[in-house]
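Quick setup: one chain, the form predicted on its own, written in structure tokens, and binding and motion questions come after.
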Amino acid sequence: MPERALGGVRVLEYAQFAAGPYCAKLLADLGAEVVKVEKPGAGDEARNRGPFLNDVPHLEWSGLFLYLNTNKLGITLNPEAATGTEVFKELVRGVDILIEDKPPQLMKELGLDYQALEAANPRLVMTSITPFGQTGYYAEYKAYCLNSYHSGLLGYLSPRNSPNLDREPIKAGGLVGEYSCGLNAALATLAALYSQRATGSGQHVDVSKQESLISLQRVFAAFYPNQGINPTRLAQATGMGGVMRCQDGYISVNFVEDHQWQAVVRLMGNPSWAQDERYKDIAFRAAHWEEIEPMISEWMLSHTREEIHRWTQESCPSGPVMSAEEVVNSAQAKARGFFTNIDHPAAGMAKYPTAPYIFSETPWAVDRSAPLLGEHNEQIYCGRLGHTRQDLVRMRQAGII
């Protein structure tokens, strides 16, 4: 197998659910060795989230957990238990990167804040992913992923142009906010790793979920302090396009810019109504989208998703709205080899998404499926830290592992 991009890099993951594990997964899938620390007996919170194999809740059957933890080694450890902190520091001494998502005050109370861990490992890159960052008024506030998403402006702007002026803010489907935060954390971690390799020194990467998500709407966030404009979901125009109905379902297409609008007009056969001089102005089109949409919709309804998507690819951002089954079986996914079969000792064989990028010289690969709870305790504690099997029995009885 070709050398992997992050081959030789060692990572300790002390995080759960989605953002932190996704950050670590991105590194693991590029070849880093990631040792995942889970709570004894219960494991990562994601193990209790579906979808589950056969719709039966089980710690080893969570599709979310199985996806987020490919290529990782798994151990159990409770750093809050007696002597558990020292065991954690033993692990930290042997890694390049620590990814954690615990409240800042808790890490400080445990003696596991960056200042303490830097003393144990001066080269350590410690990436902390928290709702509001390590400092500031909200640093110790608790937040679930729903709170983080809405604190980051995304919900404030969704849904746009709703006819119901009392419509509550909504969250995009799934865990898109958590994945975005995990991706931002991974990029920042790689930058810190690059610096570590160049200087020999580590650093603390402070990732605020709120700031990560606000960055996705940075243009709108800048309107208020710079122009006094408050672009809410109730007043913000969508521009032109969006999700529109067609002959066999829905397609998402946008034609805000002039060249995009002109391309769509040509596709429709240059209808007479589109020659109205007023429609040449972007602002006018946006303000009068309600009168334009029905005429475009009539054309859309006479064509399929695939036809419209193919015709607009060179001129407008577009994409058919698909079900999960359609995505897996699409010609694009198959041609790109985007899904692969992975066999898990408890959950069996299933299709998994691969990587959102293709590296020719250091390709993405699956070396192992997600770990069973505590699967690699003996390998790590005995083989790497020098503990005996009797030590493991005592640590298990004490609630440490």
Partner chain sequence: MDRAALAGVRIADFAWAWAGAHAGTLLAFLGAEVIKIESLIRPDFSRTRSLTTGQKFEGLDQSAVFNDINLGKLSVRINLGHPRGLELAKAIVQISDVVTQNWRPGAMELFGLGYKDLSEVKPDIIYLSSSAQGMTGPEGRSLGLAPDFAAIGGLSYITGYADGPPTELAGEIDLLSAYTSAFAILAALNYRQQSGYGQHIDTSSSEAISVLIGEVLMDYTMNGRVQCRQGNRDEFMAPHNCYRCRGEDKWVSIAVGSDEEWRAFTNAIGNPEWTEDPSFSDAHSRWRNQQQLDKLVEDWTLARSHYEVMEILQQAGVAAVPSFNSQELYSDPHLKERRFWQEIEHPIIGRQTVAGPPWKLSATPARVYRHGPLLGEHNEYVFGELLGLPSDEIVRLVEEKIIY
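Numbering follows the first chain given and starts at 1. Superpose the two forms; the largest set of C-alphas matching within 1.5 Å is the rigid core. In this text, all values refer to a predicted model and were calculated from it rather than measured experimentally.
What comes next is about the form predicted in complex with the partner chain, which does not appear here.
Participant: Can you tell me which of 207-215, 77-85, 105-113, 267-275 lies within 4.5 Å of the partner chain in the predicted complex, counting heavy atoms only?
Facilitator: Looking at the other structure, the answer is 207-215.
Participant: Can you tell me whether Lys351 touches the partner chain? I mean in the predicted complex, with a 4.5 angstroms heavy atom cut-off.
Facilitator: Yes, Lys351 lies within 4.5 Å of the partner chain in the predicted complex.
Participant: Should Ala120 be classed as touching the partner chain in the predicted complex when contacts are defined as heavy atoms within 4.5 Å?
Facilitator: Flag for Ala120 set to no.
Participant: Spell out, yes or no, whether the shortest heavy atom distance between Gly41 and the partner chain in the predicted complex is within 4.5 Å.
Facilitator: Heavy-atom contact with the partner chain at 4.5 Å: absent for Gly41.
Participant: Although the partner chain is absent from this view, report whether Asp166 comes within 4.5 Å of it in the predicted complex, heavy atoms only.
Facilitator: Close contact exists here: in the predicted complex, Asp166 approaches the partner chain to within 4.5 Å, heavy atoms only.
Participant: Ala188, Val92, Ile296, Leu73: which sits within 4.5 Å of the partner chain in the predicted complex by any heavy atom?
Facilitator: If I apply the 4.5 Å criterion carefully, the residue I get is Ala188.
Participant: Each of Gln247, Ala263 and Ala287 near the partner chain in the predicted complex, meaning some heavy atom within 4.5 Å?
Facilitator: No residue of the spot touches the partner chain in the predicted complex.
Participant: For the heavy atom contacts within 4.5 Å of the partner chain in the predicted complex, list the residues of 265-283 involved, in sequence order.
Facilitator: Read in sequence order, the residues that approach the partner chain (within 4.5 Å, in the predicted complex) are Asp281, Ile282.
Participant: Kindly check if the Cα atom of Asn147 is displaced 2 angstroms or more between the shown form and the other one relative to the superposed rigid core.
Facilitator: No, because once the rigid core is superposed, the C-alpha of Asn147 moves less than 2 Å between the shown form and the other one.
Participant: Can we say the CA of Phe284 moves by at least 2 Å between the shown form and the other one when the core is superposed?
Facilitator: Yes; that C-alpha moves by at least 2 Å between the shown form and the other one.
Participant: Quick check: Arg310 between the shown form and the other one - does its CA shift reach 2 Å or more after fitting the rigid core?
Facilitator: Superposed on the core, Arg310 moves its C-alpha 2 Å or more between the shown form and the other one.
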